[in-house]
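Take a look at this single chain, the form predicted on its own, given in C-alpha cells.
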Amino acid sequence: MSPIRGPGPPPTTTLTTVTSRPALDDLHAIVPAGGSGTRLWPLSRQARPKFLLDLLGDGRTLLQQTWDRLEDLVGPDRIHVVTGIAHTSGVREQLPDLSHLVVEPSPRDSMPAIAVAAAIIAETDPDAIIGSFAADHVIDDHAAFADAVAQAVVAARTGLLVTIGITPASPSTAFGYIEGGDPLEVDGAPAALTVRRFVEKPDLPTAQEYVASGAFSWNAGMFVVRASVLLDHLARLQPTLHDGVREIARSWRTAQQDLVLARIWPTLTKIAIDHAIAEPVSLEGGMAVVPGRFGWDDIGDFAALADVGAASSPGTIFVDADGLVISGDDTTVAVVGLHDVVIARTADALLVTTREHSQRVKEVSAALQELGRADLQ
C-alpha cells in the first residue's frame, strides 16, 4: 500500500484545545484550496492536487488536517473554503461539515480568492477578523500555531495587516523571507513585530545571512486582518478587484449569485496577495509579523515530502541504496546502488529522479502540455 490514500476519520490523537478561544470569537478562517502541485507529479494532478491527498499516510489529507487545526480555533461555522470547479466534489466529500464554500469559475491567484471570501464575510460582519491559511501546509505543533494565530488576531484588531512568519529551521532558498523590525508592544501579542520588508527567494549565501541575523522569518503566506481593513487596502491599491469582489458579495446567497460571479470573476486582476497588498502595505508601515515557532512545511516537492517524514511504500527493497519510493499499488519496487533516489508510481505514470532534482519535476507538466497529454497533467 502507498502512503497516499483516501480521506479517513480524524486521527485518534486529539488536537490541543486553545484556552483563549473566546478571544477569537471575531475570527473567520479562509482556506484558499487551489493549485496543482506540479512538483509532486505524478501523485498530484490538476484534478487531484496535493491538498486532496494523504501525503503522510496518517489517514487525513492535507485539506482535512487544515480543517482540523482551524475547527479547533473557530468551529466549523466560521471556516470558508475557496476552491476551483474541478475540486468542488472532492472538497465537499472530504469536509462534510463545511457550510461556506466559494467555487472559483477559474484560477485567479490568491488575492481574488481571499478577497471574495473577505467581502462576503464583511457583508454581514464588517468588523470580523479574517485569517487566510493555505489548504496544503503541514504544521506539527497545534498549540504553538494556535498561540501565533491568537497573537495575530490581537495585532490585527489595531488595524494592521498581520502575517504569521515561520522561524527558519535552515537557510532555505525555497521560501521568501520577511524582515521583522521593532516590537509592536501590544498587550496580548508579545511576539509581534513591525515588518520592515518582504524579500523574494534568496540565493544560499543571502539566506544564510538572513538566518544568522535572527531578524527574518520564512514567508508562509498566512495573513490575518480585519475584513474592512483588507477591503480598504484593496480599494486604494487594486480598485478594480475591490469593486468586483464587493459586487459579488452583495449578490451572495441571492438568485443572482451565480450570474454575477460568472460575469465579474474573469475581470478580476490575477495577482497574489503578497504583490497586491502585503508588500506595498509593509512599505507604508502598516504590517506586523508574528514569528511562528512551530514546525511547518508546504511540501513543495519530493525532497520536502521526505523531510516531513513520508515513508517509502511497504515492500520497497533497497540494496546499497536509499531514498523515497511511493507506489500507488502493491508493486514491489527494488532500488540497487542508487542514493537519494525518488520514485513515484501511479497506475498511468512513473517518475524517477533524485532529491537534488526534485524542484525540476514541475518541468514534466510543461513537457506533457507540449505533447498534448492533458490526461496525464
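We number the residues from 1 along the sequence you see. Note that the coordinates shown come from a computational prediction; the quantities given were computed from them, not determined experimentally.
In what follows, reference is made to the form predicted in complex with a further copy of the same chain, a form of this protein that is not presented.
Choose from 27-35, 313-321, 46-54, 59-67 the stretch whose residues reach within 4.5 Å of a further copy of the same chain in the model of the complex, heavy atoms counted.
Heavy atoms within 4.5 Å of a further copy of the same chain in the model of the complex occur in 313-321.
Wondering, does L351 line up within 4.5 Å of a further copy of the same chain in the model of the complex on heavy atoms?
Contact with a further copy of the same chain, yes.
Quick one: does G337 come within 4.5 Å of a further copy of the same chain in the model of the complex, counting heavy atoms only?
Answer yes; at least one heavy atom of G337 falls within 4.5 Å of a further copy of the same chain in the model of the complex.
Would V333 count as touching a further copy of the same chain in the model of the complex under a 4.5 Å heavy atom rule?
Judged by the heavy-atom cut-off of 4.5 Å, V333 is in contact with a further copy of the same chain in the model of the complex.
Please determine whether R345 contacts a further copy of the same chain in the model of the complex, using a 4.5 Å cut-off between heavy atoms.
It does: once a further copy of the same chain is placed as it appears in the model of the complex, R345 has a heavy atom within 4.5 Å of it.
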